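Just the one chain here, laid out as structure tokens, in the form predicted alone.
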């Protein structure tokens, strides 16, 4: 059996290697980063069949929990590790041409640290180590947002830093209250002891934790940092933040509510918060003229949709939410990565300046269309199946409340369709004022094409995908006791 701890050790060790030997390695640092992430892809895929048979528990330093710390790899951790690893490799390939300059080793070091934090958050079995990995992810994200070194990037990074730090304080306070009340930080041990706390303390911990993690998840009204961060960061980092970073924080919230806090009575509130987040994101995106801000607000809307699905307190809802995460990771990565080179080639962030760009960049424009169609849920793209499953799961929940929520979700989809069709109309206009614009290089297009295969061919593998996402749903809804694998 492959040890899951390698998913953390390999990118972390490679990051320190690149940072230490940068002057000697020079332009080869990106290849070291690629090898590290390819190893993670192999490890995460290798773990999938084993985890479906039985969750894997990794004891650190030979000291068993709850005294020692551990990694716990269930279906949720295994599937998300695959998403992080594959998306990380494809975005890294895109970065080979997109990120240039003598300081690029800093970019690859930070990129690997972000991957380390992402894997750590989803795999750790200890609440305090969740915070440690959260900080690794967050700090590397802050710096990468401002990587370009311009004024807008610096302002966005500082705003992200301030709000992220406030979120970190809320999480740390929640952890302190957990330890004071239960005497443990191990998630499995905590799952059995949390219910012994008085209701007021449980609610306080829940509020602090959801508020802190909700900042990183970009749930309304905690998402004011995201439009500036996504629009100012390098497009490769925008794809990472939108593709899986905010989803990780969201999934951690859902995991804690279902399995550790076991307070499913708050799911109705989270469902409403999800729909509000969706509508706020979509209406805000409708008003934007900066293409990256459009995509940033669209990501807020998608997070709201995923939160709504996973708050339905049913296996069908969680299954559909995980499918939508896969669709959003692929679709939004395509959109941010194609937009990145449109910005580079035209020198403009305003999509009105891209009139007729499809004539100059036909391949990039075609991929952008694919990403839009899957995000909107047009058949036979993968997004159609994920959105359809969300609606079905909500309707099966029954009652006027969920029927109203479905109506609002469909309203958000209509708004999303209008602003994306407006952008595509500009792209494919017959007249063009764009002269010296050439297609994106081969390697970035290859990365985008591989993301496109997910949304184009995903429906062919629906039984396998729903098998994995269904196991995640079972892990959460049935309140799997992680202590069983000690």
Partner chain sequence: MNGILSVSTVLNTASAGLIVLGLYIVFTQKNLIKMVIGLDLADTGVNVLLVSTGYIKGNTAPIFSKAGLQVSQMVDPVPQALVLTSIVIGFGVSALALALIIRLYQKTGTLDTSKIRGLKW
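Positions refer to the first chain, counted from 1. Only a predicted model underlies this, so the values are computations on that prediction, with no experimental measurement involved.
The following text describes the form predicted in complex with the partner chain, which does not appear among the structures shown.
Novice: At 4.5 Å between heavy atoms, only one of the stretches 126 to 134, 74 to 82, 243 to 251, 335 to 343 reaches the partner chain in the model of the complex; which one is it?
Specialist: Stretch with heavy atoms near the partner: 126 to 134.
Novice: Taking the partner chain as it sits in the model of the complex, is residue 95 near enough to touch it, meaning that at least one heavy atom pair lies within 4.5 angstroms?
Specialist: Close contact is absent here: in the model of the complex, residue 95 is far from the partner chain, nothing within 4.5 Å, heavy atoms only.
Novice: Would you check, heavy atoms only and a 4.5 Å threshold, whether residue 408 touches the partner chain in the model of the complex?
Specialist: Close contact is absent here: in the model of the complex, residue 408 is far from the partner chain, nothing within 4.5 Å, heavy atoms only.
Novice: Closest heavy atom of residue 162 to the partner chain in the model of the complex, within 4.5 Å or not?
Specialist: Yes.
Novice: Please determine whether residue 156 contacts the partner chain in the model of the complex, using a 4.5 Å cut-off between heavy atoms.
Specialist: Residue 156 belongs to the contact set for the partner chain.
Novice: Identify, from the list 191, 370, 358, 185, the residue with a heavy atom within 4.5 Å of the partner chain in the model of the complex.
Specialist: The residue in contact is 185.
Novice: Listed by sequence position, which residues of 399 to 417 have a non-hydrogen atom within 4.5 angstroms of the partner chain in the model of the complex?
Specialist: If the 4.5 Å heavy-atom criterion is applied to the partner chain in the model of the complex, 399 to 417 yields nothing.
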